[in-house]
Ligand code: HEC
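Here's a solo chain for you in structure tokens, the form predicted alone.
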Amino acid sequence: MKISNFAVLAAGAALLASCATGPQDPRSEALRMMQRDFKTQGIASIDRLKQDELQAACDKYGDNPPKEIATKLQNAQYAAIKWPADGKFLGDWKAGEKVAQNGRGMAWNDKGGVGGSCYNCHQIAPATTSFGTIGPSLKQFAKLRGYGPDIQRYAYAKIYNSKSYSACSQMPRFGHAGALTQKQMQDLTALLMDPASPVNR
């Protein structure tokens, strides 16, 4: 098969152009495509594509930022937690189980505060036999750790913003993002902490 001089020249020009510009960063290219194609609809706004300082650092360091940077970021996340005004961390564990089981939330046509999808990543109540293993098992959470106010506060904070304890945690920042209401987070905390909850039997 005979190849024309034009084809050889065109291929050479393309090769030189790629060498001059260098390889494209796949993440930057993906972000450009999303910014081009994503449109605000309902509660799903274009702001979801903007990284905050924490997200940018986790991206930059491959989810493993230097300790001093991670500590600074975690402290800032913890300081931004909005604690319950009444100082109570425990709601209704039965309502918390419904939130944990519900996988819907933050879609364009939601109003916010719909579900937590907790079982997608965690084992929680022992009667539920279908669960994810990305996150640690939460079975017997308070039975193993204690039922006191410090552990209640810790559990609420982890639900509100897990990145306040681990900067690049894969767990969503439910309170920070407005994905769950304060009551739902109190109910989930009760699911983990209430002695009557099946989690602690």
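So that there is no doubt, residue numbering starts at 1 and follows the sequence shown. Heads up, when I say rigid core I mean the largest set of C-alphas that superpose within 1.5 Å between the two forms. Quick caveat: nothing in here was measured; it's all calculated off a predicted structure.
One more form of this protein, predicted in complex with this ligand, exists but is not displayed; see below.
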item	value
Option from 167 to 175, 66 to 74, 52 to 60, 28 to 36 whose residues, in the predicted bound form, bring a heavy atom within 4.5 Å of this ligand	167 to 175
90, 127 and 139 all contacting this ligand in the predicted bound form, non-hydrogen atom within 4.5 Å	no
Any non-hydrogen atom of residue 147 within 4.5 angstroms of this ligand in the predicted bound form	no
Interface membership of residue 190, this ligand in the predicted bound form, 4.5 Å heavy atom rule	no
Contact label in the predicted bound form: residue 114 to this ligand, heavy atom within 4.5 Å	no
Neighbours of this ligand in the predicted bound form among 119 to 136 [non-hydrogen atom within 4.5 angstroms]	121, 122, 134, 135, 136
Core-superposed comparison between this form and the one not shown, residue 34 Cα displacement 2 Å or beyond	yes
